[in-house]
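Here's a solo chain for you in structure tokens, the form predicted on its own.
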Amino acid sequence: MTDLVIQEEKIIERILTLELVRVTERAAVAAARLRGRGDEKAADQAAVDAMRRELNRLPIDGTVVIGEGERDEAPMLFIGERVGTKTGPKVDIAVDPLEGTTLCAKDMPGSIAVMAMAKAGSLLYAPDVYMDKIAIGPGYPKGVVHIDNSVEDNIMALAKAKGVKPGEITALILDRPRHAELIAACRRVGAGVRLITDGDVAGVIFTAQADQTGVDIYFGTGGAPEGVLAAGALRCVGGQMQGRLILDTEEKRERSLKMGIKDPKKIYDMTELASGDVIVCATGVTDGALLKGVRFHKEMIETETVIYRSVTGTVRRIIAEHREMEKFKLD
């Protein structure tokens, strides 16, 4: 390993501790100022603007490989956007500046600001499309569930591996009309279903904490950015995940081909979605099972952030009290 590579890895490690925390903290605080206002777009835009400003202060040469849209959809953090001072190591970045825009707009539990960073070439480079996903927590044989197996077969196999009856398995699924048959299949086999309105990054992570969350398996279709972010976090805490991009139009297939995706039906495992040394950072916007939301006090702002690092399996929680409140205002 050359001195330059060692130096870059040390820089990445340093950035991905306090510096990355600041990025998601600023995005979370900006969005939290608009909690309960009923304006999803304004809250999302506030988080995007804050996240972009902080990313552009980092000594990195970063490329957004998983973002909120394509270049023509700016001012979102778009796929292919370059961020950072361009003077440091080349890194891939995946962002969801405000996961759960509806949750934030309605001041409901579970909205977070989240991002991931890894060495260039480590994160799946894909268009902003939907992704079919399945995930379970740690402690099971490899391949115990598979994205192409029926819901019933997956639940039966998971129950057998866990040593329980299917009725003791709980599946977490986004509450969407497209998931009606998926939900019905879970219930037909006797499994419980927990529905969430938004927030499938946290939903996937919940499978790794089944003893605390009661969630054994995640099923369903959600955003590809959330899939990559969730895979990075799950790699840190253990578990299994598969994802497949939904490229159901010629236009989507052409876009993905330009990004190097030759097989539109490819099933990606967790390490293909997020390989190498990945660090995922998330800050709570509203209170939720994963994180507490931003709290505004008279002379201080309080935030809670969790950082996952895959190479060490480390999970850090940072509760911060920000007294220099002027720095959280737009500049």
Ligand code: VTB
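Sequential numbering from 1, following the sequence displayed. Remember, predicted model here, so these are calculated numbers, not experimental data.
This protein has a second form, the form predicted in complex with the named molecule, left out of what is shown; the following refers to that one.
The named molecule in the model of the complex comes within 4.5 Å of a heavy atom belonging to Leu174.
Using a 4.5 angstroms limit between non-hydrogen atoms, Tyr130 touches the named molecule in the model of the complex. Although the partner is absent here, Gly220 is not a contact residue: none of its heavy atoms lies within 4.5 angstroms of the named molecule in the model of the complex.
When the named molecule is considered in the model of the complex, Arg82 lies well away from it, no heavy atom lying within 4.5 Å. Picking from 205-213, 99-107, 142-150, 82-90 the stretch near the named molecule in the model of the complex, with a 4.5 Å limit on heavy atoms, gives 99-107. Taking Arg178, Lys258, Arg187, Lys160 one by one, only a single residue has any non-hydrogen atom within 4.5 Å of the named molecule in the model of the complex, and it is Arg178. Taking the named molecule as positioned in the model of the complex, the residues of 192-215 that bring a heavy atom within 4.5 Å of it are, in sequence order, Asp198, Gly199, Asp200.
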